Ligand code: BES
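Below you'll find only one chain, the form predicted alone, shown as structure tokens.
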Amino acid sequence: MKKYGLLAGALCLPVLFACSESSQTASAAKDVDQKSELEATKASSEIAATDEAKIASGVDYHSFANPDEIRVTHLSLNLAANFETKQLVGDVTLDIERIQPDSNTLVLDTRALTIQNVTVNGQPVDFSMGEKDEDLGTPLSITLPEGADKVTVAYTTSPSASGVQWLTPAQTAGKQHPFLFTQAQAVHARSFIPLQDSPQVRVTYDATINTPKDLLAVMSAANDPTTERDGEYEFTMPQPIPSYLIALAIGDLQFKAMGERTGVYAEPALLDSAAKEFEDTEAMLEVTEQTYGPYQWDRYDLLILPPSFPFGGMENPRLSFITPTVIAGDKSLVSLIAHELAHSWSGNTVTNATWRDLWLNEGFTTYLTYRIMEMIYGHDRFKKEAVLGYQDLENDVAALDENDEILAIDLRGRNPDDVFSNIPYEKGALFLREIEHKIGRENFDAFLMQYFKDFAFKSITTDTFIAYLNKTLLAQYPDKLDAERINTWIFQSGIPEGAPHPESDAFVKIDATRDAWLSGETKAVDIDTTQWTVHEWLYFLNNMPASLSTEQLAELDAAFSLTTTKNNEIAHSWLMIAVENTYEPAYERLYSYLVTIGRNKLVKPLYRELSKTPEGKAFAKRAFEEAKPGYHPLTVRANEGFVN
């Protein structure tokens, strides 16, 4: 999932892994995988991992499920979408594997589901609902007959399911048909499927989805772009995925190919502009394969959602869900596409086992994002985006509690959605960039290719990664990599002293331009911005002093029409300045921005800043109340505290 910032085959490479070394590394991965997490941690003699008495490695504190006793391996969904009642109605059949042969109670995660019945081979079996937890939902315990290897749960979702958003026609681009989409990360799959909602439980699935006949259903599965629009759609996902990657969308969707393996689904009004904006997706796919190994998910398509989607993008396999706010008309925001594509290697193929380990998803993916952007658009753009990402990280380090600045974060007793900040993304990527700098890019690329191969379709913990690192890079480069330094990156707060600090020559010029304007040496109208990209604009605006006069803001606005800019990222930065300095000429746009966009990364900082004054809070409350019916539940939860 894209966070808060902007932003060929498996060959035996000779640089780091000669064929014998590659086998050695694969053996290391096998050794790590065969041990329990605690054994792997104890085997790690060079890096001190987590305090075992404090956090049990590999234990998912955000799931009621019991996969160590009975594990779900496959789901068969049969659901109908009722847009009138805003409910998914149907059943799921779960294939199970008894890890402990004498276990007969299957525990599933649910949230606000109405369970009609539970059957095995058509016969009802006993089940019970446990105590409700505000963040985690309610456990569903099912008593299984001896020898049962499948169980079917008939259920109905709540109209207010935390992982499902139902949109009226007025809330869509076309204004003619309703729309539905799901968002399962982190623990919201349980709000539309009773299942073991933990990233360490990987399942294959198939589904039959019934919809109104004039709408198309798509899923994070094999989608047929030529399917007949008949109200019944069938899907298969043959690769095992964690529950948070199960995704469904239903709407007035059309498809347009962008390449041999890539295409875009969108409402008709957005289809052509989206296909043009993201036409480099196939090239991104090809260069990533050449550097990090084969793409293992068959097709890679995009789904453009209505603007209420709470995130920039979601890496649902085979079909990334994308916000329309990145369609800028100039490809200036397509790093988000690179990010979601990169998840096909880091995150979807190699997954975090618990939400404490999210940095293994997002840090690796953010590192790959920068590399993909550099390969497609050049080193200068890479440097600019790296600087902006570093500033995002610095801002979060300044704002967060120090315990939340740790890569291997302690989330026990908290909502797992709290894990999302620039720490797992930008700090994780910076950590990997330091390793790259120390051992060389070519060597690190070869390491990553082998890592993705060794742990393909597995969910791993931070401790598993440390044990793997000890057996590979630390053993191969004892003179270049320091175990204590790596321990500091993973388990200490903040940015370690001496971390890589990206710089951009282009931004040095922007600093000089900004300083000249602030000093009155240059008029805004005389600043030549003809060669500026979104990166120059963001750097120019984001590094303004906290206090600016109304006259200064009016001068900037008159020269550059910032209040009416069509680029949502630039508009966000400008509106933040407007709120901080109570620049009222921008408030009409601010209100419209808050009401029409549900992407949390763009609206949350504005609500937070508005809430600092009584007048601002009243303004925010009016906007929030109007926007709330169209906001995703995650956006509502993230912002309602600022207006109440």
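Fair warning: this is a prediction, and the values are worked out from it, not measured in the lab. The first residue of the sequence shown is number 1, and the count goes up from there.
The next section is about a form of this same protein that is not shown, the form predicted together with the ligand.
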Heavy atom of residue 192 within 4.5 Å of the ligand in the predicted bound form: no
4.5 Å heavy atom contact, residue 62 and the ligand in the predicted bound form: no
Exercise: residue 311 in contact with the ligand in the predicted bound form, heavy atom 4.5 Å: yes
Close approach of residue 339 to the ligand in the predicted bound form, 4.5 Å, heavy atom: yes
Contact residue in the predicted bound form, chosen from 385, 357, 315, 267 - any heavy atom within 4.5 Å of the ligand: 315
Candidate from 573, 472, 220, 183 lying within 4.5 Å of the ligand in the predicted bound form - any heavy atom: 183
Residue stretch of 64-72, 580-588, 596-604, 615-623 approaching the ligand in the predicted bound form, non-hydrogen atom distance within 4.5 Å: 596-604
Three-residue site 390, 535 and 540 fully in contact with the ligand in the predicted bound form at 4.5 Å by heavy atom: no
Any residue of 411-446 that, in the predicted bound form, places a heavy atom within 4.5 Å of the ligand: 420, 425
